[in-house]
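Quick setup: the structure tokens below cover two forms of a single protein chain, split into structure 1 and structure 2.
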Structure 1
């Protein structure tokens, strides 16, 4: 595996630019066939036959055993199928809600795409409400479509939320770090204040703490994590916990 991934592993942690190409073609085997290695391409990488092309500038990251992606500071969101996002309801159009998800165009959300919704029992959704949903359709040729239920028809944490709290935006790179399993940033923040946190892949983050002051402190700490190292972040969080800031 190390030999197969050598061309990529040499570049892990380095900055790559659009147009860079990596080949995963291996020498011919004994029976004359040519083997190619199986890899998983994340954001910023595109598989094209026996090559992987870089389509976004950023730092190459790797997750065992064979996942690679580009970690960039992109702020503009491009909808992708299956991603969960925070949207703002902007209009009602018949049986469809128009939702701003931060992309180039608004997404549509059917009133039947909520848990327990029927023609008689419509969900209580108003213009300006925040919704947490998942894309079922997202490509360049069609209008994006959101749903607030999973494949079993359950809400599973999705739907209208955010009666109180604060909504703000972060870069897509920082959002992916917050959504990572066992995120160090979230763990460190939980040691300071108890709070509720909703993170969308479109860069929108919603926070609610016990008081408005604590909500603003958590918001400012998350925004400050953008360009901080792990050591700098821990030092800042420690000073806030001790009340020296």
Structure 2
């Protein structure tokens, strides 16, 4: 519907505060003869009857054809369905593992949710291991649940990882910037030296490079990228690349 998109269009790219409301009167139609488009409200926007309310402060973003969301910054992770996160196994009780994902509650991970796991063939997961998994259930009313396989039963790189390397925490905004399709940070970083990176949407990042020193360098660079402009970042990376070579 044009009226709906018009309401949003003025505010795309502007800073909005919680409590701002987008309301539009849809014309009363008899049998739904007018075909109305659906709008998808992403994180930061909430539906309240026929209105859309902003519940986080940030910048309104738009993606074709009909997706709107608020681009905001936060450090505390809230589990959401479908997101891939890095978790730390804290306890093993019966058939499930308790995994700490940085949210308000610990997530549960069933031992059958690994590739090739059966009742006889249990996966080799110990307390303290790092797991990369996806949420199947994540809402405010229930305990979140993780799985390490996709809907076809393949692992796709999920599961226990990380024999060596270093796990550290970043803010959620930076993690999203790292995972963006043509991320500049990642492009600049890969020129320095070879390394391996696992990024979880809960702000946890795991890095492994050839030597401990290189690992620490990558860690420090990522942590410092938070508040730098791209210019500053590129000069810093260049200095490091020349220094290490």
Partner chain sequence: MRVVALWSEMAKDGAAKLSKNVLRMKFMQRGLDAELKQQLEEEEKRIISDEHWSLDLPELTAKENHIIEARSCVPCEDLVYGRMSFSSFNPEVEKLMLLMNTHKEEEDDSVSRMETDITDEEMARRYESMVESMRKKFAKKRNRSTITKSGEDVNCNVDDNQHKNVFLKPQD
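Positions refer to the first chain, counted from 1. Think of the rigid core as the biggest set of C-alphas that the two forms share within 1.5 Å after superposition. A quick note: this is a predicted structure, and the numbers were derived from the prediction, not measured.
Self-check item: Pair member that is the form predicted alone
Solution: Of the two forms shown, it is structure 1 that corresponds to the form predicted alone, while structure 2 does not.
Self-check item: Common rigid part between structures 1 and 2 for residue 133 and residue 195
Solution: Taking the motion between structures 1 and 2 as two rigid parts, residue 195 shares its part with residue 133.
Quiz item: Which angle, in degrees, describes the smaller rigid part turning against the larger between structures 1 and 2?
Solution: That works out to a rotation of 12 degrees.
Quiz item: What Cα shift, in Å, does residue 64 show between structures 1 and 2 once the core is superposed?
Solution: The shift comes out to 4.8 Å.
Quiz item: Upon rigid core superposition, what is the positional shift of the Cα of residue 73 between structures 1 and 2, expressed in Å to one decimal?
Solution: Displacement of the alpha carbon, after core fit: 2.8 Å.
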